[in-house]
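This document starts with one chain, in the form predicted alone, laid out as structure tokens.
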């Protein structure tokens, strides 16, 4: 149902004419993220430039009971920003200013539409960076709303761990600013962490103050091949328990290694499970000692190939290949779409999870690309298929359900970093039990009319 002309006219009074659109192409661009989930057209797309404009837009929608869905870069993998009830999409990409850098406090103030890669390029001049790295060109607002983490979470934590302060527009247009610039606080409830991972269902995040980290002067990387996935993931668990502090511990199953070899010229890894290891530190000598200890652990677990001392150029290409893995999978299966599996378990349960994932994919005669941020117990397994072919897609749905159910039985979660969105709603009660009722009550408290990103999470 189209918006009433009276509401459209009120919205047109908030922003310049070139920052509001009901055109088919703009609506289509905001109907679908990078997931396989069915697209839904919004009625209008608006590009605000500051918090006050967002507040005015939301207030109009609140008074008229019109759904509002915030939009970052559209890189989500679980349908998180799809406007399933139509209404207004608020695209925050023009709110892309870095508002201030306080290098002595290791803090930066940004608008929600700043892309994290662009932010880190600017911060590099100050010897600082924002560690979470989801791989895609995500916006900071989207990363907060989804609590993104990525390859360095094992050392630096997820996005929620680096939030100092937020500016949030609530469902009725009220603006609040939870948080503090102090490094720590015991004052009241932690609303910043409540909004982190809330996917826009509690409020629209418009500005963020982030805590930063100094760029380490030295990096030391290694690649290790193992005879099987179990020995590789068992080694990762032992490295974590040993007291060492790797900055990254990434796992690639054999199918992923084959694609890296196929689509890159620089690498020719043995066709067996592979682990990427990286340490950050102040001097090469200390890092070399840590790496020697890791080498011993790897060899004790049957490592068949260990390459250390990778230079900066090779390291950059190595991580680029890891980031490009999603694209490699798509290139390998033209015309098909991925069902993304994103589970996480306690570190000690990682070997069991990976072994189970590979087994059920093999039993179903499906190619599963198992990889992930193994240092934080987070595993992905994209499976390619055609959502319009119900018979074959049901096989993937069954694998997804079995793997998530198994991860939860191990004390894990249905989603390590992709969020709930549309795809993981079916597992919320299984994972949270009666706590889900409290989540719904919190949603109702913040958004009693249910206009904020409706049809998600619950």
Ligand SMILES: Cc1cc2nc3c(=O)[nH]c(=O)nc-3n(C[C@H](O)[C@H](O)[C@H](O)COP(=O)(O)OP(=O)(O)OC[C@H]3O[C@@H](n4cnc5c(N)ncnc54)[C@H](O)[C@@H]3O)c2cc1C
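Numbering follows the first chain given and starts at 1. These numbers come from a predicted model, not from an experiment.
What comes next is about the form predicted in complex with the ligand, which does not appear here.
Listed residues 230, 133, 337, 290 were compared with the ligand in the predicted bound form; 133 is the one with a heavy atom within 4.5 Å. This chain is drawn without the ligand; in the predicted bound form, the residue among 75, 96, 164, 237 with a heavy atom within 4.5 Å of it is 75. Contact annotation: residue 248 falls outside 4.5 Å of the ligand in the predicted bound form, judged by heavy atom distances.
For the chain shown alone, residue 70 is a contact residue for the ligand in the predicted bound form, at least one non-hydrogen atom being within 4.5 angstroms. At a distance threshold of 4.5 angstroms between non-hydrogen atoms, residue 429 is out of contact with the ligand in the predicted bound form. Among residues of the shown chain, residue 256 is not one whose heavy atoms approach the ligand to within 4.5 Å in the predicted bound form. The candidate stretches are 199-207, 307-315, 262-270, 356-364, and the one lying within 4.5 Å of the ligand in the predicted bound form by heavy atoms is 199-207. Using a 4.5 Å cut-off to the ligand in the predicted bound form, not one of 88, 440 and 454 places a heavy atom inside that distance. Interface residues of 129-166, taken as those with a heavy atom within 4.5 Å of the ligand in the predicted bound form (partner not displayed): 133, 134, 136, 138, 139, 141, 142, 143, 145, 146, 148, 149, 150, in sequence order.
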